[in-house]
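Given next, in structure tokens, is a single chain: the form predicted alone.
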């Protein structure tokens, strides 16, 4: 199975996909970022993977930007798009064009807390558990069919930083394995 990994920042999930590639049943054929300053670019380079960079700030409209992504994707051979810390909402035409082929990981136990600030929201609500959800992308934010969820109890001494770290650790472990197991 051939995947394209999209990222916007640190690239921690990208790194986990690349580090586990030889042991799991997928091949990262390309990477993509909307952020020319993203740390993930160096990670892609370190693993000798092509990285397409299209700065979303160069475009006035989301659709025009996503048209450029579409042109890039049409030029490569892949089975799935894996969103790994990609911090942009995809245009509906792009989601429709690759329906059933776009996978995302979201730092909450969906349907709770779609969108941003999930860790803060879990703490503010005094939730007893928090976690992450791997799901297919549809044209409704963080509402696609769930592939897998992983949770952990929120401890009394947990704070924003500890929740972020716990979720990242789980994501880096389960995301590549889930994509490999579920989609092959």
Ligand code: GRF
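Numbering follows the first chain given and starts at 1. As the structure is a prediction and not an experimental result, all values here were calculated from the model.
Beyond what is shown, the protein has a form predicted together with the ligand; the following relates to that form.
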{"property": "4.5 angstroms heavy atom contact with the ligand in the predicted bound form for residue 10", "result": "yes"}
{"property": "4.5 Å heavy atom contact, residue 166 to the ligand in the predicted bound form", "result": "no"}
{"property": "Any non-hydrogen atom of residue 84 within 4.5 angstroms of the ligand in the predicted bound form", "result": "yes"}
{"property": "Residues of 93 to 118 having any heavy atom within 4.5 Å of the ligand in the predicted bound form, listed in sequence order", "result": "105, 106, 107"}
